[in-house]
Every structure is written in structure tokens, then in C-alpha cells.
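Shown next as C-alpha cells: one chain only, the form predicted on its own.
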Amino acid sequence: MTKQRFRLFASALALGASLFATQALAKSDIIIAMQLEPPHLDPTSAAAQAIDSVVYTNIFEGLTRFMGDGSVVPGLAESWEISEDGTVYTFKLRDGVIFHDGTTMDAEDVKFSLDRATAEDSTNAQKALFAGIESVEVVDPLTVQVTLKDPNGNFLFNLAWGDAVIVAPESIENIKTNPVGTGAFTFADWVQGDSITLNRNPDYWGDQPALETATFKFISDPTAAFAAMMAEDVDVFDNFPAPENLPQFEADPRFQVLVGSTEGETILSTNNKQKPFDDILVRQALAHAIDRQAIIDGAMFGYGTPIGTHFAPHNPAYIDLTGNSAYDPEKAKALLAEAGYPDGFATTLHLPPPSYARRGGEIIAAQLAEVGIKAEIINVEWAQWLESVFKGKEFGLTIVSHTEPMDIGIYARPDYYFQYESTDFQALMDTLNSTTDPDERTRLLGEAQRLIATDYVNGYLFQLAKLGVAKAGVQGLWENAPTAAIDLTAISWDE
């Protein structure tokens, strides 16, 4: 080979290597679109689903964690022992785990996190999950002992929630804008109103993820969401907000469509302490004024499963109670007349940004108008919803999907935003929490479903489907959503 040819050959090799390296780099990055931007990044102090979508398992980890199939597996706790009476849990922590700031994760951090969640001034949105904790004691740096007031068959499940992740006192002050956890990814940047970027954590205690960088891009408008995917400006759109466009993606070989289930019970949430909704006859009338299937077809283009109580249909303990509140506008009018509202009444309908709420709200308002209920639609941003509806309880009706796993226990909390108070239901939950026999737990869960259905606490609409769109080469995405999360640790590009 002549020198001239050798130089050309070497140059070609160099160019090919450069192109290969560029392609390899591109395949270690990903852009994931979401409709909602988190209000902040502290999962232990807010109810916003968008927070967990970004940080759960990626930045923050708990003692246990949910997998994509809904199972609960060890997280920062590699093992545990439970006392015979079911009240003492002794957790053995993983050795060598460090926070992203270089500090060691140990039993003191676990105690700090759980004590913070149970404190009187705790702002944890799911504080009730930790109410049964009597004490948290550090046995040694890698062993922590949690004593419960009573046995709780859900305790390991509860610890897998995003609200129960382990945080450190050294970094807690700035957790909302600079989250420091133990996860496989570190926080890199947040461009407000646009995107959040995470980088792979080289010091992660577990297996290194395939991705080096992940960018969460916020696109609230369904039309813009469709345009961004079609232009391939984003690689994945989690919970795609325009279900009417899914057939186009299914027919396009550049994309894959993932249709699964979520834990999202989508409800017409009702302020049980505000008149006239403090009257069960009015709540019953509300339930019979709603045509669930019309809402699913009109707002979700057929994606969604009707529900008649606050429970996921894919759960083995689910009972179909939709017949208890079947669409019957004439019965709704009669119930309103019996309650003293023959001409109906006026109320408010607060709608947060998700498509199921905005689109579904228009349909529900029209259905309510047919029986005389005039619902004034008030569109609110997510932060406004959290402040005025969730915290302030300043609403008549609202539509929201409760994506927390197995969360029927919220009906035992009279201070929860829809303000349902039933001593019978509270006692039922106490019994359930102290029961470990699977068959008895199933029976109690059925009883709980029936109680809130016959009390017509809320208008139970449908189970939210998980509708995802991704480029054909992306693998490892969760098809179902046992919790609100976009788990980056298993995502990779098909080579």
C-alpha cells in the first residue's frame, strides 16, 4: 500500500471511528417529554405526580422500591427481619452507599428521614403512611430498627412510596431546587419552564445504567406534543396527552406505542364538607348524572376502564361497583328534588392541566347541566391546584387522577382535601392495617370499596391508562405504572 493510499485509508478509519463515537454518544442520551413540570423536586413534601416522575429511583431511593411489575423489592435496605408480633422491623442497610455530595448514607440518615416524615410539623403529603411508627433507633451504622404502634401488613409497601425516600440532613435545605440522593442519576440542571437534566452517577452502589444523560422536556400542549414526537425532537413521551393521535404513531415504523395500566383512579372529587355536597342525596345524584363511557370516549378516545369505587381494576381484590352509580339522569333529577334542589344549584369545577381533566371537565359540565347542576369551569395550573384545592380545600368539584399505589386509605383521613369523615371506614382501615392474612385482607378491601361507593364520596370515573410513545429503538420503558415514575435505570437504546 502506498503512503498516499495509507493516509486515505487511515483518514477513512478515523472518520468512521469519529462517526461511530458520535452515534454511540447519541445512544447514551435520551430526551423524555412530560406534560407537567414539577413545582419543585422534593418528593417528601408535595403531592405532585410530576416530582416522582423525575426523581423516583433516579435521584432518590427508599428502603424498598417498586418495580415495573408492581412488586416491592429491597432498595437501600438489602434485607430485613420482622418480629413475631409484627411490630418491629430491623433493616440491614447496603454497605458503601454514598449520597451525590459524597457523604455516606447510613442508619442516621434513615432515622432522620423517617423522623422528619412523622414530625408534628411534617409537610409530607402522605404523612399518614408513617403515623403508625412508634420509634426509629440506630443499632449501628448499617442497622436501623423501626418499631410500630401496631402491626401493619402494608409497611414495606408504604416504604416503597416516593414520599418515603431517604434524604440527608446535610443537603435537606436546598432539596427542592438541588436534590441530593443516592440514586443512579445526579441532578445537573433545571431550566424553569423547559427542562430538567440528569447525569449518570459514576459512584452508584448498584449496576451502572446504560444512559449517561437524561433530559426531561416539558410540553403541556397536546398539539405541541404530537408535533414534537413526529419531528423526532424528543425520544419518548411519557403519558402522551393526545390519545386521538396514537393510531398515527402505531402506523409509523419510527415509533412504538405502549398502552398499559396505571394506579390512577380518575375521579370527580367532591368537597364533602361544602354544601350541598355534605348531603349524600346530592352526591348520589351527582354520580347518576355522569356517563362514564361518554367521558372515556370523548376525553380519552376509548382508553380507560370504568370504575365504581376508588380501586384499580387490575388488582385481584377489585370489585366492579359501576352498577351502583349507573348513568341515570332522571334518577339524578329525582334525587336532587328529594334533597331540596328541584331546580339544581351552582358550583365550581376546578380543572388542572392534564388532558383527562380539561377535556373530561367539559364533558362532565355538560352532563351536570342536563340535570340542573351549573358547574363553573375554572382552569388552574398545577401549583394553583395544589395550593387552593389540595391544601386550601377551596372548591366544589375537581377532576384528578390519584396515581399513588393502593391508596384507598386516604378515605380514612378526614382532613384530606375531599374531607370525607366516616368512623366506620377509619375502623375498617385500622383492621386492614393490622391484618396479614391474604384472604382476610381481600375481604376487608372489598368491604372498604363498597363503603365508599355507597357513601358516594366522589364521582368514580375511570382507571387512567398509561399511554406512552417512544422511538422504536428505545427499550426498558415501563409499560404499566405501579407508581408515578419514569425509571431511567433500565432504559437503553437497541443497538
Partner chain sequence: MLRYALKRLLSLTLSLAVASVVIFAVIEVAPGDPASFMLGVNAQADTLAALRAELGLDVSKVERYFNWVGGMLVGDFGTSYTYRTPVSQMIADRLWVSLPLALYALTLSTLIAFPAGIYAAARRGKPGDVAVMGATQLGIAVPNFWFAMMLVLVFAINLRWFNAGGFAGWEDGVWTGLHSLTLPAIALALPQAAILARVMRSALLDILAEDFMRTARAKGLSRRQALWRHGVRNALIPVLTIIGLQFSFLLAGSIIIEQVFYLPGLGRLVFQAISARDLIVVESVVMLLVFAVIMVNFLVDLAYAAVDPRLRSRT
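The term rigid core refers to the maximal set of C-alpha atoms that superpose within 1.5 Å between the two forms. If you're wondering where the values come from, they're calculated on a predicted model, not measured in any experiment. Numbering follows the first chain given and starts at 1.
The same protein also exists as the form predicted together with its partner chain; that form is not shown, yet it is the one meant from here on.
Stretch-level contact check against its partner chain in the predicted complex with heavy atoms at 4.5 Å: of 118 to 126, 325 to 333, 286 to 294, 364 to 372, the positive one is 118 to 126.
Annotated contacts: S45, E232 and E404 all touch its partner chain in the predicted complex [non-hydrogen atom within 4.5 angstroms].
In the predicted complex, its partner chain sits within 4.5 Å of a heavy atom belonging to T223. Its partner chain in the predicted complex is approached by P39, whose closest heavy atom lies within 4.5 angstroms of it. In the predicted complex, at least one heavy atom of D194 sits within 4.5 Å of its partner chain.
Within 4.5 Å of some heavy atom of its partner chain in the predicted complex lies at least one heavy atom of A383. A single residue from the set E108, E212, E387, D320 has any heavy atom within 4.5 angstroms of its partner chain in the predicted complex; that residue is E387. The contact residue chosen from W205, F218, F301, Y341 relative to its partner chain in the predicted complex is F218, the criterion being a non-hydrogen atom within 4.5 angstroms. With the core held fixed between the shown form and the other one, G86 has its Cα displaced by under 2 Å. Relative to the superposed core, K176 shifts its CA atom by less than 2 Å between the shown form and the other one.
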